[in-house]
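What follows is a single chain, given as structure tokens, in the form predicted alone.
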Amino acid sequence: MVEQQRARRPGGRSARVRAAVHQAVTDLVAERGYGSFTVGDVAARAGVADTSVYRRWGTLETLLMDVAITRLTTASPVPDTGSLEQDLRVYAAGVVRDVAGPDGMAALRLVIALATAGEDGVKARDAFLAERGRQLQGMLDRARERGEQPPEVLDILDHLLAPVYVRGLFGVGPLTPAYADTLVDRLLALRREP
């Protein structure tokens, strides 16, 4: 009976451990930067055994990828409002909010760091980009099914994400909802050009 109750309990210890480990990674990236901490540091910060981290994720890079992808999908999901323009506006506002938020720069630095972390890091970065690309493509496919003319995923990267990330990384100009709307306006104007 106790076993059945554990199996049905949402979250539980596993979810708490995962949340603690993810927060530990985010905090360590923000404090020290990528490459200056180990699985042992993450485990100690999270209050779990490092064997638990290795058993679940295997490598630090796999853990970092999981943190980055989870952050994207939970903190910044791709919207489905029924309108491409509104989807883009909600998405852009979310990206701006996330990058400007307390853990935003740590998450962004984490993804950038994965690109230079050797073969495992490149695999993690590629998995992260593929997942986000898949999510964005879903939004664009829904728009196409409604008869709208969506941009390409690379257009969203070039005209929405890149400017926000550059502003965030270099501290150039404010990251506001109004700025997000301006980026969406520019992206939509590109679709209308002959």
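For clarity, a rigid core is taken as the largest C-alpha set superposing within 1.5 Å between two forms. Because the structure is predicted, anything quoted here is derived from the model rather than measured. The numbering used is simple: start at 1 and walk along the sequence shown.
The form predicted together with another copy of the chain exists for this protein as well; it is not shown, and the discussion that follows is about that form.
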| query | finding |
| --- | --- |
| Close approach of M139 to another copy of the chain in the predicted bound form, 4.5 Å, heavy atom | no |
| In the predicted bound form, Y165 touching another copy of the chain (heavy atom, 4.5 Å) | yes |
| Interface membership of A15, another copy of the chain in the predicted bound form, 4.5 Å heavy atom rule | no |
| In the predicted bound form, T81 touching another copy of the chain (heavy atom, 4.5 Å) | no |
| Triple contact flag V21, A49 and L63 to another copy of the chain in the predicted bound form, non-hydrogen atom at 4.5 angstroms | no |
| Proximity to another copy of the chain in the predicted bound form, single hit among R97, R89, R109, K123 (heavy atom within 4.5 Å) | R109 |
| Contact assignment for another copy of the chain in the predicted bound form, among E131, E31, D158, E148, heavy atom within 4.5 Å | D158 |
| Segment assignment from 40 to 48, 22 to 30, 148 to 156, 54 to 62: heavy atom within 4.5 Å of another copy of the chain in the predicted bound form | 148 to 156 |
| Stretch 23 to 43: residues contacting another copy of the chain in the predicted bound form, 4.5 Å heavy atom cut-off | none |
| Post core alignment: G33 C-alpha displaced by 2 Å or more between this form and the one not shown | yes |
